[in-house]
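Just one chain is shown here, as structure tokens, and it is the form predicted on its own.
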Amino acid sequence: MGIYLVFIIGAVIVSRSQGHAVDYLKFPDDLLLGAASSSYQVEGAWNEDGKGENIWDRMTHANPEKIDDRSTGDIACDAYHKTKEDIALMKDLGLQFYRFSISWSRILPTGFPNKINQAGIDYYNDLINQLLANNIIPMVTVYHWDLPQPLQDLGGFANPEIINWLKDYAKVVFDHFGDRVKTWITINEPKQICEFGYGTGMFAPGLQAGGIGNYLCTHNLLKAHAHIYHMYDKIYRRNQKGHIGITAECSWSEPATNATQDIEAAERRRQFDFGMYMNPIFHKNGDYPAVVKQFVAKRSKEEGFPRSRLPEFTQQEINFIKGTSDFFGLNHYTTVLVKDKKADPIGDPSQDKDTRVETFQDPNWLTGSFSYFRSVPWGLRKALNYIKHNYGNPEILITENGFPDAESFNDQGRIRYYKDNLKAVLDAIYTDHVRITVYTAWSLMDNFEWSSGYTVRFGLYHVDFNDTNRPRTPKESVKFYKNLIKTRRLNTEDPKLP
């Protein structure tokens, strides 16, 4: 157990080929293989044992039309009642670690630490202890989108007080679980929280305040993350001996042509897509990317705003945020082709209008049940190299990578996706010398996929959501991933697609 923890918390990687012939299809010993989930997507028990209401509870109940199949996460996979069963699946699969998130509302029903729900603490203690008893490392996300509704009623991430609210919540989490959890992710996917939650309104809390609300959210979120990092560093790291970082979803933006304007557009989309969130933390100069500041400021002026809609960091804040991650958490699913676009007519602001690009995909790229999630392994490799060269060669934890079903059980498309993307990971490690120490399959089982409800399935295990017992059934990809973990070698022979 101890040696895995040493690997995962980021010692400098020794050359993987010192004086030996290299098997380029074999996984290095220090690359951990696991799977992931998140609290709202799998737990269910939405109002049991003292849990409070969160923003997804509210949105799915009050605005069911925002979910493709009008479903909720009220029961989801019923993981709250199936800890022993699910860990047995993980053990049989051979997972080295399991990434999951903690429900803020389950341990702090009102969002504030003056009322701690002991039943929630007990649930996560039991989950962590059972994982460790089965030699599975817990990798824990502090915040994965399910803000307590009472805090949203006060403005949520648009209120600067979210910095204190998140910090107070994180302190409770570290106090209760940090003695056993050694890898922490503060926040999962800032873009999805802010752009989709406070910009387009596609995700909870469903606010449509594009070009303003999403930037306020981003500004406060980054400062909240930095405060959590510094608190852990100052108070907990010495005794708990863990590592802590942040995860962003980074699709790859490829220029659609060799024209200068399209090359610039692709880079601009990268900066709006993930640079806005990771540049302040990982870039040597900190702060938002220059092109983001420039384009938002220019359009804000044209729209008649007295100042840029993107808030400015003070130099003190830039210094405070810079360097606040022990690793780069990467969620990657697909690639888009990018062309420059003429500016939209002046009207209501939005991040899309600020970015000023057109995106599309090659219809020949492998796709499953959701056309956007196409398999483009060279895009993953380019993203990994981009992170290496632009963010100081950080240790990279691939915290999500996955593909939606086209078939319920014979998921050969998913197997091919994993094979092709894992080959890209190995190429990045051996040929490009990218420092990758974790690979995480999304997801362990089918779950509530946010605005898609149960219409999109990413799981290795099939879940029957029409059965009150929510039975789990292994798909063909379970056999593939189980053998991969056991042999620690990739068989690149393509499966026969159905």
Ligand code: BGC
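Nothing here was measured: the structure is a model prediction, and the numbers come from that model. Start at 1 and count along the sequence shown; that's the residue number.
One more form of this protein should be noted, the form predicted together with beta-D-glucopyranose, which is absent from this view; the next part is about it.
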Next on the checklist: For the three residues N188, Y333 and W450, which mark the spot I'm curious about, does each lie within 4.5 Å of beta-D-glucopyranose in the predicted bound form through at least one heavy atom?
Outcome noted: yes
Picking from D354, E400, D86, D273, the single residue whose non-hydrogen atoms come within 4.5 angstroms of beta-D-glucopyranose in the predicted bound form is E400
Assert contact residue (beta-D-glucopyranose, in the predicted bound form, non-hydrogen atom within 4.5 Å, options R299, K223, R381, H144) equals H144
Of the candidate stretches 60-68, 45-53, 441-449, 26-34, the one with residues having heavy atoms within 4.5 Å of beta-D-glucopyranose in the predicted bound form is 441-449
* Closest heavy atom of Y391 to beta-D-glucopyranose in the predicted bound form, within 4.5 Å or not? -> no
So in the predicted bound form, does F458 come within 4.5 Å of beta-D-glucopyranose, heavy atom to heavy atom?
yes
Whether Y236 contacts beta-D-glucopyranose in the predicted bound form should be assessed with a 4.5 Å heavy atom distance threshold; does it?
no
Determine whether any heavy atom of F313 comes within 4.5 Å of a heavy atom of beta-D-glucopyranose in the predicted bound form, and answer yes or no.
-> no
Looking in the predicted bound form, the residues of 345-380 with a heavy atom no more than 4.5 Å from beta-D-glucopyranose, listed in order, are F373
